[in-house]
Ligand code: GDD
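Quick setup: one chain, the form predicted alone, written in structure tokens, and binding and motion questions come after.
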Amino acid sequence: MGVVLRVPLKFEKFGAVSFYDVSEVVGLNGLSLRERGGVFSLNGHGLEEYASKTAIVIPVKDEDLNVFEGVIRAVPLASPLIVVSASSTSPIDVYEREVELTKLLNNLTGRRVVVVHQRDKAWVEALAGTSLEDLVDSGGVRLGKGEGMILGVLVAAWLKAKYVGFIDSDNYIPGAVSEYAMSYYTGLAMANSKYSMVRIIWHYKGKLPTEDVIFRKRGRVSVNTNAVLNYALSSYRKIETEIVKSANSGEHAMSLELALKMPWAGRFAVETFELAALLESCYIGLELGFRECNFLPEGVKILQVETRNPHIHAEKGDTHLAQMAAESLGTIYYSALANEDVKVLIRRILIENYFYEDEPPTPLVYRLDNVNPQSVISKYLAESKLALDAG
């Protein structure tokens, strides 16, 4: 049985975008749950239905292979598994070992798996003539987390999934991975919407090495990105809000209809940009009389789920954090959400917290709405000597 979610107690509406307050995981297994108000869970049949319709994408780049193996083994077997790798192929071929581990999982369980590499030159021809031509250079798809997630969306659409979920490959707790997936299935069912998104909030987050583990309620980047996005919304609406608690949520899922219609950002800007872009087009754009929102009349539902397992991953250093913060906050800085006060706040946060003194980088923006995933992925797999499609 799946997780039991508390039904959100409130939501706030910004134009056509509805943000729901935190929905906590109140039980990790809904076995023998009696029907009652205030909580939501899927029975076995419903869980299998949503799992089979949800492709899970694992972006990976030179992750510890033991950690990577724990992550892919924890993804429920009913969901198609998509691994998008940016890992090294020389002098040590890390990518080949990722393929071997994924192939072994397929041999043991028969699950559907697709593994692709971002720097595969087969992408150049596959994406030629599409609106994603800027995604590639002569060596394949450009390196970046957002760029890898876009490939995951295209593969999920090619597999004819209804939903796509993302789970980072650096998670040391396989149980957390399983809980994220179960939360996706349950949250998407609870939202019951054409354009829906479920974003995970970690109950605690810790980093290795073990002698310095601190279980934090929020990550060192997300605490600032959430604050800035809430401040921007409060400034624009003139009503204070703290509704956004998942601006940097690497673990999130959404309907394919939403994923294919909304713009995407490259690199570390990707998660925050999703929210900033939706609010810019479907809130501020509508308020100003523009017709840029692609999700009318239904609107977009965004659920935020707080899970119970801690998210433990390796420490990646202050430079990594600074770059992530700058790219994430840059999506707000260059959007219609940011007045001058918001921009001053962003620059101050970057200097005081990350010693980043430049203006944040402008996000690279990509659009998928004129791309045919069936054509692109079929062409890629036919040309590729690196990809794996099994199951």
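Don't overthink the numbering: it's just position in the shown sequence, from 1. As the structure is a prediction and not an experimental result, all values here were calculated from the model.
Another form exists, predicted together with the ligand; not displayed. Remarks below refer to it.
The stretch in contact with the ligand in the model of the complex, judged by heavy atoms within 4.5 Å, is 79-87, chosen from 127-135, 278-286, 157-165, 79-87. Taking the partner from the other structure, the ligand in the model of the complex has no heavy atom within 4.5 Å of any heavy atom of D120.
For W202, a non-hydrogen atom is located within 4.5 Å of the ligand in the model of the complex, even though that partner is not displayed. The ligand is not drawn, but in the model of the complex it has no heavy atom within 4.5 Å of L296. Contact check for E274: every heavy atom lies farther than 4.5 Å from the ligand in the model of the complex. The candidate site formed by G144, S222 and N248 is fully in contact with the ligand in the model of the complex, as each residue has a non-hydrogen atom within 4.5 angstroms of it. S169 is the sole member of S169, N226, T102, T307 with a non-hydrogen atom lying within 4.5 angstroms of the ligand in the model of the complex.
Proximity to the ligand in the model of the complex, defined as a heavy atom within 4.5 Å, holds among V342, L350, A51, V60 only for V60.
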